[in-house]
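Encoded as structure tokens, the following chain is the form predicted alone, with no partner shown.
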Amino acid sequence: MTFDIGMPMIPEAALFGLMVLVLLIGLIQRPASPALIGWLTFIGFAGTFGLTFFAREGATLFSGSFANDSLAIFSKKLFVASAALSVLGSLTLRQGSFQRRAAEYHFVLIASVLGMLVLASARELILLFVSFELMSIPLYVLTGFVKRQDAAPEAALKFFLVGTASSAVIVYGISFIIGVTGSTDLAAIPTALVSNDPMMLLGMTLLLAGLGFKIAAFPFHMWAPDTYEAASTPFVAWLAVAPKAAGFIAIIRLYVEGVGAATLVWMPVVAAVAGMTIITGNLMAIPQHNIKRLLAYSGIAHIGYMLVGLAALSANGIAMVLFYLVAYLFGNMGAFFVVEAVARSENSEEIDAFKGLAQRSPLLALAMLVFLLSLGGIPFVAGFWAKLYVFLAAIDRGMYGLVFLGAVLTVVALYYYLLVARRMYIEAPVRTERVQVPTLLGVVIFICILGVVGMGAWPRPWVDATQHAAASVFAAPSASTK
């Protein structure tokens, strides 16, 4: 048997090997060196990211239950890249838990990313659910990892209870789908939807509700603010992006891919959820005093904007959702890393900790301003194109009311983003000494700045990549390549 770097599961195999290696080092070397484990994990993620470029489109395994198409490969790159940035940012953490249990932290994180990679290629309901749980269960552990922080265990418990309930709803929905179709294959769903069987519609509705918990869409968003506030910031930076992206990939697989005209059944449902999510996220962000809670509600609003693109149920709409996810990765992760730098200096995660930041650390303040402007959709940074493109996709489908709502709430979002900018640039600092930013944290912030500005200045390559990824969703079924 010859080794083929283009074999379907080579990125997954690489991550599994990395996970075993980290576990063994943690067992042999007690306590394991946090720097050794962290750098090993980062290098492993970087290597896995490189391997995704060699993944062969169209290759399948397990009788088609696992398949690589352009959407799967694109999403795997996003998952691994975001995890690598999170690990690089977490290398500067000095809490006791990260020093004593570095191997546990990185082992669990790798397991979650592995679940995401399998989910991206899953073409079968059982494999989809198992990979979702492999992704989700480690998130509960990581949320409460800093056990001595009072809010962390409570937030982890809330996250676990909500996540368990959503998993139960998903399984219940899957049971109806399997009962109607007589198959666990995702390819059996489109045919069953055409028949308008009530049990099939009930199953798909329950499944959509369960996935709504995973992406923190209204009214299933309650867990996000507490979780974001309590967990370590480098982990939250990744939590706010990658698991949500995985949820969108699952929704695309189930409700868009191959479904054809039957997708029109879900357009008003997704549009309504998108509108309510945008309203809830933006309005609830306004009274927040904790910057991480503000970014949590901001993230909920961004999920709503992504749902606008999804509601279009077109190739262009799906492509723009993927573009939005990448823009959100750079803008949101960058903002959280700046929060981490300021919180270390001020020992506070309150918005007031940013007072006078432009006078104390002008470059750090400028970076935060760029990230906030991108999240707010100001020209010409990545977030501007992301919002514009999803709005144009919705307009193409005649969804003028939803686009108008999204545009109005974008102005509301600018209000609370600019409140943070006001603290940084107008209000006087409480302290005068410079904010010390660890080198690695500065590197991650710089990478995110490059992403936000680069996508804003030259969005075409990113648009082409996302359109190529979305094209596979609407392509005619082809023969599997074994």
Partner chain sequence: MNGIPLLSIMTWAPFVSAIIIMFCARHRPLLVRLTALAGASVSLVASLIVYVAYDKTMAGFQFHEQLALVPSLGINYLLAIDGMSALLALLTSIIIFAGVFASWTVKERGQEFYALLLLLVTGVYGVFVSLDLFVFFLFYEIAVLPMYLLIGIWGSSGFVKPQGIFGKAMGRTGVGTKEYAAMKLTLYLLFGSAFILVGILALYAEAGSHSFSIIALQQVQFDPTVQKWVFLAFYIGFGILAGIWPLHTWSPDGHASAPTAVSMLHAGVLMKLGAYGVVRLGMGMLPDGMAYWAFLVGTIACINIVYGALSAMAQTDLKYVIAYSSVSHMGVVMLGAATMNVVGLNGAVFQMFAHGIMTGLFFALVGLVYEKAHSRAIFSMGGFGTMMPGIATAFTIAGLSSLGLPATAGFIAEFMTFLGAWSSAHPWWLFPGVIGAFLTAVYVLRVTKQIFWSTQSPDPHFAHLPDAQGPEWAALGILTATLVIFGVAPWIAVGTIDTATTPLIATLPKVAGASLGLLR
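Model, not experiment: these values are computed from the prediction. Positions refer to the first chain, counted from 1.
Beyond the structure shown, there is the form predicted together with its partner chain, which is absent from this document and is the topic of what follows.
Q: I have Tyr172, Phe218 and Met222 flagged as a candidate spot, so tell me whether each of them has a non-hydrogen atom within 4.5 Å of its partner chain in the predicted complex.
A: Checking in the predicted complex: none of Tyr172, Phe218 and Met222 is within 4.5 Å of its partner chain.
Q: Is Ile378 close enough to its partner chain in the predicted complex to count, meaning some heavy atom within 4.5 Å?
A: Contact with its partner chain, yes.
Q: Hey, in the predicted complex, does Ser131 get a heavy atom within 4.5 angstroms of its partner chain?
A: Judged by the heavy-atom cut-off of 4.5 Å, Ser131 is well away from its partner chain in the predicted complex.
Q: Using the partner position in the predicted complex, report whether Trp385 sits within 4.5 Å of its partner chain, counting heavy atoms only.
A: The answer is yes: Trp385 has a heavy atom within 4.5 Å of its partner chain.
Q: Against its partner chain in the predicted complex, would Gln359 count as a contact residue? Criterion: heavy atoms within 4.5 Å.
A: Output for Gln359 is yes: heavy atoms within 4.5 Å of its partner chain.
Q: Tell me, which of Ala407, Ile126, Ala168, Leu161 has a heavy atom within 4.5 angstroms of its partner chain in the predicted complex?
A: Among Ala407, Ile126, Ala168, Leu161, a heavy atom within 4.5 Å of its partner chain in the predicted complex occurs only for Ala407.
Q: Considering its partner chain in the predicted complex, which of Phe446, Tyr425, Phe54, Trp39 comes within 4.5 Å of it through any heavy atom?
A: In short, Tyr425.
Q: Hey, of 233-241, 286-294, 103-111, 390-398, which bit sits against its partner chain in the predicted complex at 4.5 Å between non-hydrogen atoms?
A: Correct option: 390-398.
Q: Can you list, in sequence order, the residues from 208-233 that come within 4.5 Å of its partner chain in the predicted complex, counting heavy atoms only?
A: Heavy-atom contacts to its partner chain in the predicted complex: nothing from 208-233.
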